[in-house]
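Only one chain is given next, in structure tokens, and it is the form predicted alone.
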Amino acid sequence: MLRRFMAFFSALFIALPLIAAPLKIGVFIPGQREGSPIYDSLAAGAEQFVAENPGSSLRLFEAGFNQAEWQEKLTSFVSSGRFDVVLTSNPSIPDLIEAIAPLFPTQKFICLDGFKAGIPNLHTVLYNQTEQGYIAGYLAGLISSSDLPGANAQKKAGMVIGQHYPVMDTLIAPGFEQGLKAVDPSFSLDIRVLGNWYDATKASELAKSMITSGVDVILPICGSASQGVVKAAKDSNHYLVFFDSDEYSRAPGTILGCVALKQKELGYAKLNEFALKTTPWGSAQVVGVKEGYIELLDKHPSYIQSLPASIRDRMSELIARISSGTLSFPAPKL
């Protein structure tokens, strides 16, 4: 009888999920939460963890858009020593953490959307944005090559970007262009640089200039300034594909596809990993479709209603190939 009870309780213990320890979490946003889906999702993942783990606490700090101030503000943020872990996100942040890490050797940092290995108190996770760019580019190429009313025969697509930075130049833009050319090698890519992340009027002007030159599909990656690109595309009956989050409701019938980063889910998972003391410190990981952290939002009614079955079927085939590993995109070193 005793053996039966012991076996029962052993099985029950194994079946129970591990319970994460309460954490004091700092979320450092290099920008602002409002109008920035990637940072809103980061904060939401931390908020979910705190809500599900009694005793945990969260302090969120928005550092603004002046990158010259980020290192000083990050130093000030962690100097109190009040956080078990600081969660942040931006390709530029790992270099800033590397600079201040010797000053705070016991402070743990987790940076999403960045890549740097070898720092003992830092763990980074980079989204494979070559893969993300390819998916968006492939969809843009199919849209531009289609019989949709706003498409033309010129085989030109565009990007309006906030600025040049390593992830953009080595992952996103090359991936987007590869996706276009996988549909038709004659595609060309027109990239316009805004110079900031907020000037919607200038972004609209850049988009209009592109459209006049023959571009019929644009990928905007320019923060809150993207509202200008949306207006230009909508007014001229042309099309957009979007990165990072569900943007369909902003302009149904104009925004035809969204390739999302599952930042909320990844942030939550990494905080849970930290609480369970399984974080691989000093390492840099790359995640994508196969791991469940990049997703084409192809179940949305707007996607289904706006795109013909022929395009949706081609996209489903592409995602299946990436998910199975038949088609892969090794992330270049930054």
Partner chain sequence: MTWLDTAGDILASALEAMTPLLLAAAGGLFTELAGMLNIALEGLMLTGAFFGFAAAAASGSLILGVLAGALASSAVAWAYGSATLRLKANAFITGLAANIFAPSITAILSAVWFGTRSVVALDIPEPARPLQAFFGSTSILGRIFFSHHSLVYLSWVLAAGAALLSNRSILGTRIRATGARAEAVAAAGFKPDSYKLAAIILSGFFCGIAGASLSLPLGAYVPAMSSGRGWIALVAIYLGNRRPGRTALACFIFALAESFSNFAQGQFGIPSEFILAIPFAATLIALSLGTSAKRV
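Residue numbers count along the first chain shown, from 1. Not measured: the values here are computed from a predicted model.
What comes next is about the form predicted in complex with its partner chain, which does not appear here.
Asker: With the partner absent here, would 35, 206 and 235 each sit within 4.5 Å of its partner chain in the predicted complex, counting heavy atoms only?
Answerer: The answer is yes: all three residues contact the partner (heavy atom, 4.5 Å cut-off).
Asker: With a cut-off of 4.5 Å between heavy atoms, is residue 200 one of the residues that contacts its partner chain in the predicted complex?
Answerer: Contact with its partner chain, yes.
Asker: So, in the predicted complex, is residue 194 in contact with its partner chain at a 4.5 angstroms heavy atom limit?
Answerer: Yes, contact at 4.5 Å.
Asker: Verify the contact flag for residue 82: yes if a non-hydrogen atom of it lies within 4.5 Å of a non-hydrogen atom of its partner chain in the predicted complex, no if not.
Answerer: Answer no; every heavy atom of residue 82 is more than 4.5 Å from its partner chain in the predicted complex.
Asker: Is the gap between residue 186 and its partner chain in the predicted complex 4.5 Å or less for some heavy atom pair?
Answerer: Close contact is absent here: in the predicted complex, residue 186 is far from its partner chain, nothing within 4.5 Å, heavy atoms only.
Asker: Heavy atoms within 4.5 Å of its partner chain in the predicted complex: which stretch in 136 to 144, 260 to 268, 221 to 229, 236 to 244 meets that?
Answerer: Residues of 221 to 229 come within 4.5 Å of the partner.
Asker: What is the one choice in 40, 273, 62, 291 with a heavy atom within 4.5 Å of its partner chain in the predicted complex?
Answerer: By the 4.5 Å heavy-atom cutoff, the listed residue in contact is 62.
Asker: Which of the residues spanning 150 to 175 lie within 4.5 Å of its partner chain in the predicted complex, based on heavy atoms?
Answerer: The stretch 150 to 175, when checked against its partner chain in the predicted complex, contributes only 164 at the 4.5 Å heavy-atom cut-off.
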